[in-house]
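Have a look below at one chain only, the form predicted on its own, in structure tokens format.
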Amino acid sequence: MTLRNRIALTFMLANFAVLVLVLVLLYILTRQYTHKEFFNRLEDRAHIAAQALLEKDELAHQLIEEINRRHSRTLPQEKEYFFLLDSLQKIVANTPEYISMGLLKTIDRDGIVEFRSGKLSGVGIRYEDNQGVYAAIVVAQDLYGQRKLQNLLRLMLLFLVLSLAGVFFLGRWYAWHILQPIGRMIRKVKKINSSNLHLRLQEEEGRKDELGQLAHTFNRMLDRLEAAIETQNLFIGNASHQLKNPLTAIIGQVEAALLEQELSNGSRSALQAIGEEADRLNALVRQLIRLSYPDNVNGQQPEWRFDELIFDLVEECKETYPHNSIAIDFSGMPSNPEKLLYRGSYQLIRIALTNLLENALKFSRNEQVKIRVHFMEEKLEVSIVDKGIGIDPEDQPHIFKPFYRADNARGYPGYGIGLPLVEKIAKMHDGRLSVSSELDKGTVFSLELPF
């Protein structure tokens, strides 16, 4: 999950929790208010019912009519009960179960009691009359309040769902707005490599927040890295070129001396040995010069056919290693010839594949070496398979370090520069070099290159 989506999701969940808390609190307060309001209406109904029943012989005719008119406006499922508190033992048998002796005693003691039984709500009041002290109880169902609460609950759920969608998109916009400077930094950083280490992230004047500190810290790191890489490349390049001139002179003098006819066998053997070592040293210098190449592919590269490069390499290596067998696996080749076109540095890719193929031939003990080329939608993979000496698992993490050589490879010619150079060329093309090997069974090097 991207950081942008994580921020949006976190933002959404935080707002969801706050919304749920607010809506639950609002629903509870509304529910309590609705119940309290209905209990107040029941209390009024109890007073009206008591007046209509107990006071009609004492009040004026006009007041009695007003009370009767108000009394006629009943509530849903409204029922009224009257009990003379002086003779509680006279509760009739058909009295509902929610009216108990304890309820009547509580009414007599407290003056008013609110209670609930299932969907019914009830209020009992203590009403004194010239005929005695009565308990007037009114029960009814608050259909209006229940519908109001149900509608409120549905509206809250709908509001919550719509709010979640809105908050998520708001969170994505907020994350995009917050991460936009980081995105610009990432795009700028992707353009920085050892050939253009002079590039820097933009530092906004006066910006002291975390992004400003990040840009400043990264630029200072680039300063140190640029100095270190320039020093390293300058040393390798200068040392290699300084060695190349005297080596060329030595090789030339050795070749000229070997043309002399009067040389003794011992002198000729010594000169031949000097020439061979000079050639090896010259090859090492050329590898060092290649290793100091910049780590990017500059400019727009022309397209070329990858299969033709493979065929050329095979023919070239067959001349250099005539005793070895090289096979090409065509099963991964696409049927459309246009998909064989690749845009990258032809010379660098050729150097990388030549190193891998020569290593396989060198360590294969004259066994067959196979080249597999597999084309996919967004990348191609070249695998070079040999049945040679293999690489010890302890050595495999170190084989891409310059000048490192495994113990079982020390008897073979080489300098430990080829594989680091291949890995560098792979990274220059945004690719990857991987290895799979078993000791004394063989090795597979796979070079992945994106289109």
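Everything numeric here is computed off the predicted structure, so don't read it as measured data. Numbers for residues come from their place in the sequence shown, where the first is 1.
Not on display, but discussed next: the form predicted together with ligand ADP.
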Answer range among 100-108, 359-367, 320-328, 169-177 for contact with ligand ADP, defined in the predicted bound form as heavy atoms within 4.5 Å: 359-367
Close approach of residue 31 to ligand ADP in the predicted bound form, 4.5 Å, heavy atom: no
Contact flag, residue 382 vs ligand ADP in the predicted bound form, heavy atom cut 4.5 Å: no
is_contact(residue 415, ligand ADP) in the predicted bound form, heavy atom dist at most 4.5 Å: yes
Touches ligand ADP in the predicted bound form: residue 404 (any heavy atom, 4.5 Å): yes
Ligand ADP in the predicted bound form - contacting residues of 372-397, heavy atom within 4.5 Å: 386, 389, 390, 391
